[in-house]
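Below you'll find only one chain, the form predicted alone, shown as structure tokens.
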Amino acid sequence: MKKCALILYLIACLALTGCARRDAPVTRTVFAMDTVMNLTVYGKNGAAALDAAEQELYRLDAHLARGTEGSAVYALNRDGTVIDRETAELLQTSGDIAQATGGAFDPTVAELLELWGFGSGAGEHRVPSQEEIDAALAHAGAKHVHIDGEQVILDLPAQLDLGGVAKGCAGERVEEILRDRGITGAVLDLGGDVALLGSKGSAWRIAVKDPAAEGAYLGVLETDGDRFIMTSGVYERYFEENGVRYHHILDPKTGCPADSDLVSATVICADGVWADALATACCVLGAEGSLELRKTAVPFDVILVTVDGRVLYTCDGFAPAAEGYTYEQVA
């Protein structure tokens, strides 16, 4: 599922204030994956490293976009098979996440997204009939994806959408490129989702956006590097029909917008692909399900905002900042 943009933003203290690094930061703005990305690196050869990072983002955008003719996902949805190591590995991880989340994350909901008008096509938003939803649900499920080495086979007419893991994958690949080029620290704002690499000489501080107020934030997360901070929320991509609001995060079990007690879910994890997908899964599972998931999935922390104004967080280093919420640190 495509993640809503601009959920997280960097605050001014990300600059070199209080930092004694010799190398000044180098920044780059890139438009890829249908969003504006701001990349900042610390260390020598920053401009050259950013050149390589920018090209990788463009490559991944073209490679993973479902609606781009020639992409691996386009070929899979059209032909049902592709031989590509990178895609096979990403889909293997996606399948592992689908299993770990009990299907709350599912890379095969493209047909459902199109029905609701949230897909890559130019369709208008609408509420589909139950018959249409049932037909699309019959084609969905990670069980329709088969991997044999570098070959991926998709049981057509199942359709893939990797928007729920694309930014996480991009963050991991860009960090790998930056490390190879000697970058010692980086903050990658991937259109609202953040990847942190190494150190800038002091702790990273990231502001988590308040989903109820433009330009405000829930609190500030202070953390070490080598973390991915990914957010999904139900409040930016939606439409209304007959007085009912329908958002873009679909529950793969019902084929309808997820009906949980969460407005947004922020996941902090050392693995970018998992962080990206888990943020979506948490919005489907709700607060209780998200906290239970932490017991069985890869290690991750969450900052959850509920519909009744609670902020539940599991991470140390999070400082609440917004009024009107009840904050609670939970295990």
Partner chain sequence: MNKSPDGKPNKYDALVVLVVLALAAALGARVWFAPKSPAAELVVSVGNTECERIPFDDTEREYTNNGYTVHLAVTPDGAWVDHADCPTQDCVRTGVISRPGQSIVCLPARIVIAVEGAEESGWDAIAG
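Keep in mind the model is a prediction, meaning the values are calculated, not measured. Residue numbers count along the first chain shown, from 1.
If you look for the form predicted together with the partner chain, you will not find it shown, but the lines that follow are about it.
Residue contact with the partner chain in the model of the complex: His248 places no heavy atom within 4.5 Å of it. Interface residue remark: Ile153 is not counted as part of the site for the partner chain in the model of the complex, having no heavy atom within 4.5 Å.
Residue contact check for Trp204: one or more of its heavy atoms lie within 4.5 Å of the partner chain in the model of the complex.
Proximity of Asp34 to the partner chain in the model of the complex: non-hydrogen atoms within 4.5 Å are present. Taken together, Arg28, Gly215 and Tyr235 are fully in contact with the partner chain in the model of the complex: each brings a heavy atom within 4.5 Å. Taking Ile133, Ala75, Val127, Val187 one by one, only a single residue has any non-hydrogen atom within 4.5 Å of the partner chain in the model of the complex, and it is Val187. For the options Ile83, Val220, Ile147, Ala138, the one in contact with the partner chain in the model of the complex, meaning a heavy atom within 4.5 Å, is Val220. Note that among 177 to 185, 248 to 256, 98 to 106, 225 to 233, the stretch whose heavy atoms approach the partner chain to within 4.5 Å in the model of the complex is 225 to 233.
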